[in-house]
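Below, in C-alpha cells: the form predicted alone, a single chain.
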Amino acid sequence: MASGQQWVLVEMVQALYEAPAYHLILEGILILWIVRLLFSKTYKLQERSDLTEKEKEDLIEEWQPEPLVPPVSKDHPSLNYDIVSGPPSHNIVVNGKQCINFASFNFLGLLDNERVKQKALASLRKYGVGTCGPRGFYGTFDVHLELEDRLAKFMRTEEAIIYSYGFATIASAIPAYSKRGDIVFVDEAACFSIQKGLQASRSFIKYFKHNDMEDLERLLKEQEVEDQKNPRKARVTRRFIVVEGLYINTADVCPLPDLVKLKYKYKVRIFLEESMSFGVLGGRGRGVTEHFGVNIDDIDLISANMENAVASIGGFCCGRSFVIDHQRLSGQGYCFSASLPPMLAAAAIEALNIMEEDPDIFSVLREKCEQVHKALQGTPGIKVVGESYVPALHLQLESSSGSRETDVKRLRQIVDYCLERQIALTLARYLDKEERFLPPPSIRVVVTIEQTTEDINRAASCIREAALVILK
C-alpha cells in the first residue's frame, strides 16, 4: 500500500516537470486566487469621518424623499367632485341644489321604483346587510341562485353566474379563459374594464380599428398565415374577439352579424360585453343579440353589469353551462370577493320581473333617446356623438383648442353652467395615463324613461345657451 502511494507521488512529480510553463503559471495563479478568497473579508468597511450633530441635522433637513405618486393638481376633477344627497333618480340633489338628472345610468327608472325598494327592504330584514364571504365560503345564498336562474332564463342561455362588482365581471371573465400565449382581437374603443381583463390575461393582444370589420379581417388573415407556418403551436393557441355591444366611450353599436360571420370563417370565439346594451336594446331588453336578431348561441360568452338598467350592483356572465361553470373555479372576482348582498340580488330579481311584465318600457326608452338626440342637434360648437337610439350620448367640441386640459375645462364650464340652472350633466371621466386609446373629452348626456318632453327641451335649451356663452 505504501509503495503504491510512493509510485503515485513519483508520477505526480514527473507530470509536474513535463507540464508546459504556461500551464504551471495558470495553476499557480488559480491556487493563489483561491487562497485569497478563503482568507479575505467578504466586505470592506467604507472609510468615513464622523459627522457632527449639526451636520447630521443639516443633511436630514435637506433630504427629500421620492414621492409615492406623481403630483396632482388641486384642480383635478377627481379631487373636486359633486356631492349627491338623496337617490340619484329623476330629480337629483347635487351640491344642495335640486336638478333634473341627465347624468345617472338609471335608464329604466328602476332605482327609485317602489316595488324594487320593498323587495330590497324585505331581503334586508331577512338576510342582513352583507354576506361577509365569497361564494365558496358560506357566501352563496338562495337568493343568489334564484337570480342566476332568472338571468339565464331572461337571456335564454343555459346558465348564468353573478359577480358582486360590475367592473370585475368582464375583467375576471377574460383571464379565466384567455391565458399567456393565446391571442385576443380587441376593438380600439373597448372600455377600461376590458382593458384590465386583457392585462390580467397576459395574452397577445391585437387591436383593430373601431367597428372596422375590414381591419379585423386583415388581422385574422395575418394570424391565419402565421398559424400555417407553425401548425403545432396553432393547435394549442386559443383565439378570441372581444367587443362591447354598445360602446360606452363612443355610444355606437358593434356590427354583431358581421362579427359572427368572421367567427365561423376564422374559427375564433366571441366575448360580448353588454353592460350598456343589457336592458336597453332589443324588443325585450336582451341586448345587442336581440337587437340584430342574432342567435345567442353564436356568442361564446356574454357579460353585463347590473348597475345601469337594472339599477342594482354587480354583474353577470351567461352562456353554455360548461363555459359558465369554469368561472366558478377561475373567475377571480367570483372566487375571492364577498358575494353580492342579498338585498341587491332581490332588487335585481324584482327589476327583471318589471322588465318582463312591461316590455313597452324599452320602446318608451328608445323614443326618449331619439327625442334627446334630435333636440341636441345644431348646438353651436358642439358635436353630438352616438346613435339616435342609445341612452348615453357624448357631446364633444367641434373644434379642439389643441390642449386636452383646456378642452376639459371648457366642457366643465358648460356642465357647471347647466348645474346652476338645475340640469345635472357629467363629464366623461378617464384615467388619462392608463387608457390604451384615450377618447376625446366629452360631456355625457344620459336618457331615462322618466324624463318628460318638457325636461328634454329645457335641458337642450340650457346646453345650447351654455355653448353660446362659453364657446363664443
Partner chain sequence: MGRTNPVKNPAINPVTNPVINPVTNGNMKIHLNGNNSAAWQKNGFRNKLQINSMTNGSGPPTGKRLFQGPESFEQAPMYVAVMTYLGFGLVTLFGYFRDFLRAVGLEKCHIAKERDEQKDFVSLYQDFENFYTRNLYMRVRDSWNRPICSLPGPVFDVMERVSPDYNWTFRLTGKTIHNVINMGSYNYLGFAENNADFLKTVAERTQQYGLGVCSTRQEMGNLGIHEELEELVATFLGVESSMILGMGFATNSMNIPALVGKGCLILSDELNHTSLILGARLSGATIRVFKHNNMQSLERLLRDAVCSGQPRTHRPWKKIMIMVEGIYSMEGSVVRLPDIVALKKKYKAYLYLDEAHSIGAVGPTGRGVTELFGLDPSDVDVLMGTFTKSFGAAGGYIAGKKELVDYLRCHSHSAVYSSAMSPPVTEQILRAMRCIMGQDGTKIGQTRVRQLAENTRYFRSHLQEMGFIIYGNDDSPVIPVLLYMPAKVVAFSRAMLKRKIGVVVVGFPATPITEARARFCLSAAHTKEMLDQVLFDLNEVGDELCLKFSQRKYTLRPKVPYHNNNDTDFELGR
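Predicted model only: the values in this text are computed from it and were never measured. Residue numbers count along the first chain shown, from 1.
The form predicted in complex with the partner chain is left out here; the points below concern that form.
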Open item on the list: I'd like to know if Phe240 sits close to the partner chain in the predicted bound form, meaning any non-hydrogen atom pair within 4.5 angstroms.
Closed with: yes
TODO: Decide whether Leu38 counts as a contact residue for the partner chain in the predicted bound form under a heavy atom distance cut-off of 4.5 Å.
DONE: no
Open item on the list: Quick check on Ile205: any heavy atom within 4.5 Å of the partner chain in the predicted bound form?
Closed with: no
Open item on the list: Can you tell me if Thr140 lies within 4.5 angstroms of the partner chain in the predicted bound form, counting non-hydrogen atoms only?
Closed with: yes
Task: Candidate from Gln228, Ser401, Ser78, Ser363 lying within 4.5 Å of the partner chain in the predicted bound form - any heavy atom - done: Ser78
Open item on the list: Give me the residue from Leu395, Ala392, Ala168, Met155 that has a heavy atom within 4.5 Å of the partner chain in the predicted bound form.
Closed with: Ala168
Open item on the list: Looking at 210-218, 372-380, 353-361, 290-298, which stretch has residues with any non-hydrogen atom within 4.5 Å of the partner chain in the predicted bound form?
Closed with: 290-298
Task: Residues in 258-275 with any heavy atom within 4.5 Å of the partner chain in the predicted bound form - done: Lys263, Tyr264, Lys267, Val268, Arg269
